[in-house]
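To begin, one chain is listed below as structure tokens, in the form predicted alone.
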């Protein structure tokens, strides 16, 4: 059973689904594509050099899933709780001819319908801060990972340069909500985005949370001056 917050977020993402990809690429100046490529490149670990089954959690329209296939995943489970997002995901998979390697699953990230120790790697891009319980979601991700498998989290983060941070905050809180609202025709979604990012843990804090949730060999790398960051941890 979804919480009231989770139902609101699902409704919001479902309503902006038709313009979601356009706005992602436009508002990030296409940098988000490189961020995803970098995140997927970090999903391999020494003990699992040829991972066979990967999970793309909070997959949305499937950009991370497609990147997983491009970088050698043999099978990807692409999971989201928004049905309209998954419909667009399916259309994109068919267009790219990747559908034989991807399974779509409509599911809540806090109650995944997968057995323990199922996946060689788990990736989540811009979805962790939307979960009703970040710790509960991380516990589920760890549960479904195989021992030796790696979790990779791509999220917005805290710019590392003070001057750049001030400039980014002006864009993020003034420009982005207006452009997003105009193009998506959803006034709240692109106000919610900067608000949710401002409340999200910074790089060091999120790494500590991963460790508290039982992940070992954690690490973090900043992207584009810390606008976004990739965190990872392994299950032992």
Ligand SMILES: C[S@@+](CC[C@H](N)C(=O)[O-])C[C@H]1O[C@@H](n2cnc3c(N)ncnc32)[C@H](O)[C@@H]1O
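Residue numbers count along the first chain shown, from 1. These numbers come from a predicted model, not from an experiment.
A second form of this protein, the form predicted in complex with the named molecule, is not displayed here; the remarks below concern that form.
- The three marked residues, 218, 228 and 232, fail to reach the named molecule in the model of the complex, with no heavy atom of any inside 4.5 Å.
- Comment: 103 to 111 is the region of 143 to 151, 157 to 165, 68 to 76, 103 to 111 lying near the named molecule in the model of the complex, near meaning a non-hydrogen atom within 4.5 Å.
- Taking the partner from the other structure, the named molecule in the model of the complex has a heavy atom within 4.5 Å of a heavy atom of residue 9.
- Within this chain, residue 189 is remote from the site of the named molecule in the model of the complex, having no heavy atom within 4.5 Å.
- At least one heavy atom of residue 60 is located within 4.5 Å of the named molecule in the model of the complex.
- For the chain shown alone, residue 125 is a contact residue for the named molecule in the model of the complex, at least one non-hydrogen atom being within 4.5 angstroms.
- Contacts between stretch 19 to 36 and the named molecule, counted in the model of the complex as any heavy atom lying within 4.5 Å, involve 20, 24, 36, listed in sequence order.
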